[in-house]
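Presented as structure tokens, the chain that follows is alone, the form predicted alone.
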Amino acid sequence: MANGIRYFVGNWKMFGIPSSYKILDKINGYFIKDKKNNKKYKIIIAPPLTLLQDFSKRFKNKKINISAQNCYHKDNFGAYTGNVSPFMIKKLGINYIIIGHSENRASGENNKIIKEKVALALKNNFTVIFCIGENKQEKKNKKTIKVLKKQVSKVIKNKYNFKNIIIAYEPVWSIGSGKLPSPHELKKNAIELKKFLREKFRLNYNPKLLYGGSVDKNSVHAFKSIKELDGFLIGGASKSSKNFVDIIKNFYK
């Protein structure tokens, strides 16, 4: 069962300009006022690379944590035009990073590249939000768990400290589609996945597991009873302070 802090992680994708900090100001304001629940959850927002430095400074002493959306699979400095290493991102004061998102996988990232990114992110003391998920065909063929196990096994090494890794289960067929797994199906997948992670990595605690894919104020209410989930990775709804706050409100309603 999931214990302790819940995570509400907003992935802005290709969205946001410098003045978009106002969205985070409103979310931060809600968090401060939510004295009844705000010790139970953590807010993490992943803006695009162009905003990382400004947002990292602006929210350094506030309640919102800033995450990177991705990094390059080589570290330090090098002749890699247009790319940014984990080392460079870390120097901006960023502590979280999303790796393995299905949109990046669809653009050509394979397990080998993702494995390198995770290794370098952990080396630079990030907490990695590692995305896994099956596509429509794999779900139809009842291969969901098999696919998830393979994605984890190909990337995560046994020597890693799992306390620095958050698994984000994002069914590819659900992202941006409005289609959702049933609470029963999601609970079953969460239980199986956590059991696999505990056994494979010999953990005497439960790893952190988020759900992502068409998360909004309605779906979060349907999933709040799934104790195996430690939170949510939120896409489109995180670009609006009202929609994002409504997700938190509905979870604790």
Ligand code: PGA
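Being a predicted model, the structure only gives us computed values, none of them experimental. Residue numbers run from 1 along the displayed sequence.
Although not depicted, the form predicted in complex with the ligand is the subject of the following passage.
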property: Listed residue (103, 75, 138, 109) with a non-hydrogen atom within 4.5 angstroms of the ligand in the predicted complex; result: 103
property: Contact test, all of 170, 174 and 215, partner the ligand in the predicted complex, heavy atom 4.5 Å; result: yes
property: Contact flag, residue 24 vs the ligand in the predicted complex, heavy atom cut 4.5 Å; result: no
property: Close approach of residue 235 to the ligand in the predicted complex, 4.5 Å, heavy atom; result: yes
property: Listed range touching the ligand, judged in the predicted complex by heavy atoms within 4.5 Å, from 95-103, 155-163, 140-148, 117-125; result: 95-103
